[in-house]
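This document starts with one chain, in the form predicted alone, laid out as structure tokens.
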């Protein structure tokens, strides 16, 4: 069975690409065929974490039609069963995809043949990033135990759910207008939540309410808390899960806590995933626990 795992974060600097590289490597070392795709367009650097030179055609070459397909830019890495598709390859303008190019890329990604396809997305909540995140109902959202990172992770999930609900109804429909009006209100710190949205839509159309309930029920993102140093830090994840459930009515599942390690920045300098260079490191052990859970899912 093929699993597509988008990896996103509300802000930069939370270790999203480090986690993508190490999770992909760990899955490959577990015997799974893995394709890592750098979709941080405009800021692609996943190749650095894998020790691959930025000299290969990638997503940018597809966008500019210099290459015919994703398969044509697929790179075999030094790690058995791990393959890589580079990002923009220094081509300008790839961060601003038009809608139809984005749809074409999404369709091509879904057709790739691998056990796991991991998408390292850009930080933040642009529509391009969110649409790639929504390729799967259970993407990974990465945060660290800092107030700004947690708030940005929450904002990303709220934006993703808004986008998902919005796309569930036809253009110019009454439902889209109601969703925009509902979600334009300030949710945090008030008694207004997305729980009310079903009632608002159902009041005029029971089928609309059913659609909203179905979308919310099937949206099941997963959380990784990175750079964890203590039990106190880990409670941040519990608080985020609680707020997401209360305000957005979705179940955010904690799939892992990655320990902070001084060896991580050194592995980036050495351009080799830490789970290979130092499998006994506390961070590497955390990655193994996370990948074991992904395999079981």
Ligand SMILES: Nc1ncnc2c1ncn2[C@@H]1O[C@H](COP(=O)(O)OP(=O)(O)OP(=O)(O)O)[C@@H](O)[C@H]1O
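Numbering follows the first chain given and starts at 1. Model, not experiment: these values are computed from the prediction.
What comes next is about the form predicted together with the ligand, which does not appear here.
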I'd like to know whether residue 226 contacts the ligand in the model of the complex, with contact meaning heavy atoms within 4.5 angstroms. yes
Is residue 255 close to the ligand in the model of the complex, meaning a heavy atom pair under 4.5 Å apart or at it? no
According to a 4.5 angstroms non-hydrogen atom cut-off, is residue 272 in contact with the ligand in the model of the complex? no
Can you work out whether residue 268 and the ligand are in contact in the model of the complex, taking contact to mean some heavy atom pair no more than 4.5 Å apart? yes
Candidate stretches 234-242, 259-267, 51-59, 26-34, one within 4.5 Å of the ligand in the model of the complex by heavy atom: 259-267
Scan 17-56 and write down, in order along the chain, each residue with a heavy atom lying within 4.5 Å of the ligand in the model of the complex. 17, 18, 40, 49
